[in-house]
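Just the one chain here, the form predicted on its own, laid out as structure tokens.
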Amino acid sequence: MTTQLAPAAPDLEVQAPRRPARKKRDGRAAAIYLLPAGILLAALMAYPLFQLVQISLYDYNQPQASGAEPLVFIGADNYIELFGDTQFWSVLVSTILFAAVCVVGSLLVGTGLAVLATRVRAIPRMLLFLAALGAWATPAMAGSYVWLFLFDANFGVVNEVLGMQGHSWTFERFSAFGLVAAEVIWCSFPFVMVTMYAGIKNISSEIIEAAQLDGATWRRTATQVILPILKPLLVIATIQSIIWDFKLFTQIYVMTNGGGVAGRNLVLNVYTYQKAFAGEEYGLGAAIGVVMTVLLMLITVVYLRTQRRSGWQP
């Protein structure tokens, strides 16, 4: 009598997908490599930020700075005075709008010229980069005075060409902001241009050729193939531009003679200087510095969260 063996029960155990261990190891290795630089940056930033916050909580004017009078702890009084000042809110709005124009302008001009640099021959490309790096290397003070000379009401080349002798570009509020924004974009776009050019050159030509073989136009290739690849570089360039342009001081102070007529062209950094040094209200100036730091951190975090929601991963 033969007995039939029952078929073996199938192995119903299914292993759940696990995150690759290699990715975790790479993350730990990156954290270890970045730890010394992070400790150094934290040490260099922690004490100045602590001092800034501490000064903002005291009645710290010229008598206290010279030691003639003792420090008096006033808590949040400097912040209450600051937030109750209508000029502060006006300057804050002007700073945000001005920085936004400078950031967008720098990104558009820098990215456009980076694309142009990839499509021209070697000699024009070399001349383009030399001109851009010359603008980037020019000190802010020198560049501001050069632009003031070019747009001088009586002797400026621009007024001579346009037939507008006697016209002052720095008297009206919006024309003064526009002139300063143009100078800021002029000295800022080379960073974006070099960054984007390096990113474009690192894109494999096979990817672009495949898109073109699929019938994609140059516009669709740029917006749907090249731009997503360059998104990490665009995020870096945008954050850098926001930080630079939000805390702008030299160009505004030089080109508008300290903030324009009746303070119409003030930005937060110049406003801080007027309060802290011209007005000798160091505690109030420190409070403005704390508010600027918090705002920059919030803007950066919100921007990064927006980019992550759109699919970008750092």
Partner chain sequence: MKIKGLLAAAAVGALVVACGPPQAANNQPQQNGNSGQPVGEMTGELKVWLFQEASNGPKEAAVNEAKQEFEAAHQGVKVTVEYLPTDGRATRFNGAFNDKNSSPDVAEFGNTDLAGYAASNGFADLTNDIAAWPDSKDLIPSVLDTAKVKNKTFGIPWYTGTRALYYRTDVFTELGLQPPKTLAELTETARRIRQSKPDLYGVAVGGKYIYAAFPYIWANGGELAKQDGDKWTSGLTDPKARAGLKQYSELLKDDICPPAACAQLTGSQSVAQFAGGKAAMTIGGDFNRKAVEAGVVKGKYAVVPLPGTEAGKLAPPFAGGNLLGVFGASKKYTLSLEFIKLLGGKKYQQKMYTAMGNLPTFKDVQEQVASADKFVEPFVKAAQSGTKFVPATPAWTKIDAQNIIPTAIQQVATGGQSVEAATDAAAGEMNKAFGN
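Numbering follows the first chain given and starts at 1. Take the two forms, superpose them, and find the largest set of C-alpha atoms that agree within 1.5 Å; that set is the rigid core. Note that the coordinates shown come from a computational prediction; the quantities given were computed from them, not determined experimentally.
Another form exists, predicted together with its partner chain; not displayed. Remarks below refer to it.
Heavy atoms of every residue among Q54, G67 and V261 are located within 4.5 Å of its partner chain in the predicted complex.
Comment: its partner chain is not present in this chain, but in the predicted complex one of V225, I74, L71, I96 has a heavy atom within 4.5 Å of it, namely L71.
Within this chain, F83 is remote from the site of its partner chain in the predicted complex, having no heavy atom within 4.5 Å.
Its partner chain in the predicted complex comes within 4.5 Å of no heavy atom belonging to W89.
Although the partner is absent here, S168 is a contact residue: one of its heavy atoms lies within 4.5 angstroms of its partner chain in the predicted complex. Contact annotation: T256 falls within 4.5 Å of its partner chain in the predicted complex, judged by heavy atom distances. In sequence order, Q274, K275, A278, G279, E280, E281, Y282 are the residues of 268 to 287 having a heavy atom within 4.5 Å of its partner chain in the predicted complex; the partner itself is omitted from this view. After superposing the rigid core, the Cα of G279 is displaced by 2 Å or more between the shown form and the other one.
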